[in-house]
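Before any questions on how it binds or moves, here is one chain, the form predicted alone, in structure tokens.
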Amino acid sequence: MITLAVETSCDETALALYDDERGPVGDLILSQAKVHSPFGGVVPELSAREHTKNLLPLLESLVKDTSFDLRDIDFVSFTLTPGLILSLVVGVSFAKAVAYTYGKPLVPVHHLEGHIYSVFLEKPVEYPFLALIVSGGHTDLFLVEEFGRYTFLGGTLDDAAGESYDKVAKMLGLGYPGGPVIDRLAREGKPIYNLPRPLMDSDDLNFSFSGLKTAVMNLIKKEKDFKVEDVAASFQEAVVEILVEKSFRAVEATGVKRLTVVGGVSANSRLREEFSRRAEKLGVELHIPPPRLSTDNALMIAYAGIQRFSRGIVAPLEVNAQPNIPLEEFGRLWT
């Protein structure tokens, strides 16, 4: 069973061909970082324009690189939700056009579901397991009981972790995206500043990063001779501590000792280090995808699409992009 997968939820244009027996056939990602960098964040209209401009050339490159005949795909999988609505509309329209042209079924995938199953591209995880999804747009904890059955445990009440990285990077004049550059600078600095850890004393599993971001802004205004590396290290240490602490509280609360950490921020070196240390100490089975699969990509959409298609889930050609269907609801709707 072979699928062509389309991912355009934000600012990466991604296509992949995936065979459920052989694995990846081809995989291409076109980043828009340079386009959005002058603005310090993603501009939705520019993102949609870039997707529109690049999808067909990217498909032509994928076919050329793999020498694959698109008539041999079994179905087209695509990100239906959530994401920037203009970007999603472009991707969904493209997927529908390919499906119509070749007479193939359409299979909708939830973007967060794709991230959860990115770890399965390397090694399947036994159910049930916990999933921390941490990216530029999401910071959420789920209990995954089986494919399509997701229970929301907690999420951010304001900024996502990755979003706070981008905003702090903008404050420090480091450009976009902020995650990689703060990670790099933090390794050269020391976490000498005492920054807040919002909601750490609360009993729930929710997150908050807005107050931390504001504390960094106030620190920059107050300290005239600060080292950027030390601010980066202090900020990153706070974010990682919050994510690690809340995730292992979820392990304790549920009794589930299998944890996956996925999404763009899971590529962060300090996060990987601390999650690995805590998991080993507590005897928790930890799964984090390689950095290449942590960020938005079409292979994860393909894998989730294969799971959906094998369960008989298809969408009509009239299906439309949706900006934000909750993962739990999506699991109930598309079963």
Ligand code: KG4
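Each residue number is its position in the shown sequence, starting from 1. Since we're looking at a predicted model, the values are computed, not measured.
Absent from the display: the form predicted in complex with the ligand. The rest refers to it.
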| property | result |
| --- | --- |
| Per-stretch contact check against the ligand in the model of the complex, the hit in 109-117, 210-218, 88-96, 144-152 (non-hydrogen atom, 4.5 angstroms) | 109-117 |
| All of Pro128, Ser247 and Glu285 with a heavy atom within 4.5 Å of the ligand in the model of the complex | no |
| Residue contact check: Tyr165 to the ligand in the model of the complex, 4.5 Å heavy atom | yes |
| is_contact(Leu28, the ligand) in the model of the complex, heavy atom dist at most 4.5 Å | no |
| The ligand contact in the model of the complex: Ser47, any heavy atom under 4.5 Å | no |
| Partner proximity in the model of the complex: Leu259 to the ligand, non-hydrogen atom cutoff 4.5 Å | no |
| Heavy atom within 4.5 Å of the ligand in the model of the complex - the one residue of Asp230, Asp159, Glu237, Asp183 that qualifies | Asp183 |
| Pro105, Gly189, Pro198, Gly137 - the one with a heavy atom within 4.5 Å of the ligand in the model of the complex | Gly137 |
| Sequence-ordered residues of 255-291 touching the ligand in the model of the complex, heavy atom within 4.5 Å | Gly263, Gly264, Val265, Ala267, Asn268 |
